[in-house]
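First comes one chain, alone, set out as structure tokens in the form predicted alone.
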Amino acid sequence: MSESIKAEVVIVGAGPAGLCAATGPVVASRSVVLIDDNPRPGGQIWRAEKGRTEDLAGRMIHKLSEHENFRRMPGTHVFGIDGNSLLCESPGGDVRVEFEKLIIATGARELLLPFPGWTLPNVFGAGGLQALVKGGLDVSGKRIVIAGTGPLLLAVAYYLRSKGANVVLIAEQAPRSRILRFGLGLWRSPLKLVEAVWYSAKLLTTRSVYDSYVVRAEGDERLRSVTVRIGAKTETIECDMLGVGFHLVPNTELAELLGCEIRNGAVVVDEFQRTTVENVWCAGEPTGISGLESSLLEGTIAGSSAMGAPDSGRFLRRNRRIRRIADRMNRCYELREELRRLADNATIVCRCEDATFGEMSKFDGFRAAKLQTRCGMGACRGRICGSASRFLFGWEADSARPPIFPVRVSSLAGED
């Protein structure tokens, strides 16, 4: 089935930024289409738990759906563009969505780095493990190690403990002194300071180590133990699951496909969230990792700007302040050099195509490695190995090419 839709404002991504971006235009009676690849709204940060029928994202969608000029397209992937039309695949077939104004709010994903054993069953991304538990995975009584870097580790550890997991260790790769300095600087943002203190208090009985990282994971048909470097020593810890993530990476593929300028891995925008492409805005994590509050503000600003009514200076000043804090946070959790040397020659870097570190390290760029090893040509379209190789080798992945998600042949056949 093929369908064609037109709207004044099209928003891609139904996380916090996308939902806020939709609110202004919908209330102002502009025709709005909200596209999201998940069946339920909220993105990663507002992901609802299985069986839970009432949540903030659901309430926002309910209010938006009361307006006849609003249309939501859940479970829909944007796989290409054609002028001012998005080529999409929905559960019902291919859809062409024509826009006058486009707001990109595609969020972020975890940065996953290879180490021996990272492909074992029961080794997950930290945020990925949390999402699975929200989806119904039972972790009660499971011994879990949480490792990597960033404030997400504490949030994941607390959530897993609330579901009955035995979190045996939280291993943060950043030095404790650097995190304390960052924390002391949060006095200008009391809400963030309170949040940090709250998580720390709730996890007071959980063993937490700093200046530490996973060296390898071991097991046979599933994970049995992890070896962690703690300062100058190593320690092997028996566990059932490992959640490891090295902060976040902006999802910029759609913006790249549209020709938006990308700098330092993020979409370049002005203070009103306008990209370098006319009639295209971007809000939230694709413009740089800065957290929930900034996503809410940027979504609101982008929605107002797309209507030709740029938001008040109060929101702009507030977002600038949050962005400065986010810049300090990202410097605080900057990845250590040792992480580049964890993988050995047999360690798989591209999990879709089984390309190893030894094979990929023979080349001087992502394109050359791709031609010889097929890295980046699998189902994830280079989202995992592309980000990893940027850190490991200093490579920049090829510019995004359609389809940016796996797509049915029937959907491709529907396009000339």
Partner chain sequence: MSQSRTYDCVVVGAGIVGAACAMHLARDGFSVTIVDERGVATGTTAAGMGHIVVMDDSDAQFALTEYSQRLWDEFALTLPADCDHENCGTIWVAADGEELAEARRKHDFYKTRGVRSEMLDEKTLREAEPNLREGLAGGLLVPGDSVVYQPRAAAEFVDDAIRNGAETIFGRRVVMVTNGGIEFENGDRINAGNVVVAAGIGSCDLVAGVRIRRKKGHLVITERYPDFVSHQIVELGYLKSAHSSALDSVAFNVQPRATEQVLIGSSRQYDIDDPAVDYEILGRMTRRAFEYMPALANLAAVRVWTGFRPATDDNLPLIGRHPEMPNVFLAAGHEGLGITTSAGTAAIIADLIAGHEPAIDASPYDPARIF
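Numbering follows the first chain given and starts at 1. Keep in mind that what you see is a predicted model, and the values were worked out from it rather than measured.
Heads up, the form predicted in complex with the partner chain isn't pictured, but that's what we're talking about next.
For the chain shown alone, D82 is a contact residue for the partner chain in the predicted bound form, at least one non-hydrogen atom being within 4.5 angstroms. Residue contact with the partner chain in the predicted bound form: L87 places a heavy atom within 4.5 Å of it.
For V27, no non-hydrogen atom is located within 4.5 Å of the partner chain in the predicted bound form, even though that partner is not displayed.
At the 4.5 Å threshold, heavy atoms of V407 reach the partner chain in the predicted bound form. The listed set A57, I348, I45, M377 contains one residue whose heavy atoms approach the partner chain in the predicted bound form to within 4.5 Å, identified as M377.
Look at 63-71, 362-370, 33-41, 386-394: in the predicted bound form, residues with non-hydrogen atoms within 4.5 angstroms of the partner chain sit in 362-370. For a residue to qualify, one of its non-hydrogen atoms must sit within 4.5 Å of the partner chain in the predicted bound form; all three of C352, P403 and A413 qualify.
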